[in-house]
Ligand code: BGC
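The chain below stands alone, shown as structure tokens; this is the form predicted alone.
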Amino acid sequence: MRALVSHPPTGGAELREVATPPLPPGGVRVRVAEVGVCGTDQEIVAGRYGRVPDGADHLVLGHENLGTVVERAAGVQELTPGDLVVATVRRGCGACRFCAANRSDFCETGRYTERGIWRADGYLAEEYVETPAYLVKVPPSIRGTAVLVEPLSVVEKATEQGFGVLARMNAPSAAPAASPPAALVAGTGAIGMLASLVLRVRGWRVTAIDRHPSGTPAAGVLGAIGARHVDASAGSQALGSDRFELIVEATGSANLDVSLLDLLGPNGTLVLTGIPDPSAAPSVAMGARLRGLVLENQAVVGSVNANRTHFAAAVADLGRFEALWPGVTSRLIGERRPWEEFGDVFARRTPGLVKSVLVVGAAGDPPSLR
């Protein structure tokens, strides 16, 4: 079969023939329909991240996936040929307490694998095989946006973490807040936009910042869901005196991460999802910011990856988004391109284009596929 592969740490990408994986006992075979492209994929292709499976000379790319079950092994009852599915990404280490509880997103040993990223082949291939434990069924009603389930699962986990930290305040119910709580989302890529949707559907007032003027696809979606877009090219002063109870960061900029502390309100929580360059060293005064963390009961938490419960939550939320804002979520997918055009997709970044998707095969494809 064909697959799109890379060679970390060398990088690069090529479409080539690879062995078709055999169907394992208790497994299913999935025909891939489409795979989303994200910054992690671009880092792997650039040679800055990723690792091939043990004993292999290449890594099959792709982790944001959607496909159709085409075959199942004897005894498999959970899935049926024809089912639309999304596969989870991380596989546990098999040793720590969290992986033993199917919560590999909190793996303590670091010896996990991640399909399409770290020591395990991904989904940019004509087919893959998997066990049902790592597959989440998708209703046909959200087929057009289901490729967003994986990045949305990351947001589901991150916001869950933020809400959990905020719950430490045990706010008195006898004195409700005067207005809905305010959240800031830093970045309007896929993670930032999906975070804005998740927060809006839960009743938060949302402001999202980026370095683009109004008129981008992202700004249009924010307006459609009742969120505010702010061009912060000149810095956080664009927000004036606004302060926020929850901030979700989705840029990977170390300097921005630090400056966001200035925008936290009393008792606020900053959730970091972007992964900064490890060599980045922000040159800022931290004393006042750390003082504020203590004196105002503020918190900073990092969040990475997601487990099956977050994938299930993502499927449910995509349905809610469509019910509240028909057609809006599909606008996050800026382009669908045949996977043979991968070189162009990996080579460029278009300002305001939220998500590029590579089309591998058919799976009840929507009319707007090409």
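What you are looking at is a predicted structure, and each value in this text was computed from that prediction instead of being measured. Numbering starts at 1 and follows the sequence shown.
From this point on, the text means the form predicted together with beta-D-glucopyranose, which you will not see here.
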{"query": "Check all three, H63, I117 and V154, heavy atom within 4.5 Å of beta-D-glucopyranose in the predicted bound form", "finding": "yes"}
{"query": "Partner-proximal stretch of 24 to 32, 333 to 341, 52 to 60, 300 to 308 relative to beta-D-glucopyranose in the predicted bound form, 4.5 angstroms, heavy atom", "finding": "300 to 308"}
{"query": "One residue of A73, I275, V165, L293 in contact with beta-D-glucopyranose, assessed in the predicted bound form (non-hydrogen atom, 4.5 angstroms)", "finding": "I275"}
{"query": "Among the candidates V149, L194, V89, L124, the residue which, in the predicted bound form, approaches beta-D-glucopyranose to within 4.5 Å (heavy atoms)", "finding": "V89"}
{"query": "Heavy atom of C38 within 4.5 Å of beta-D-glucopyranose in the predicted bound form", "finding": "yes"}
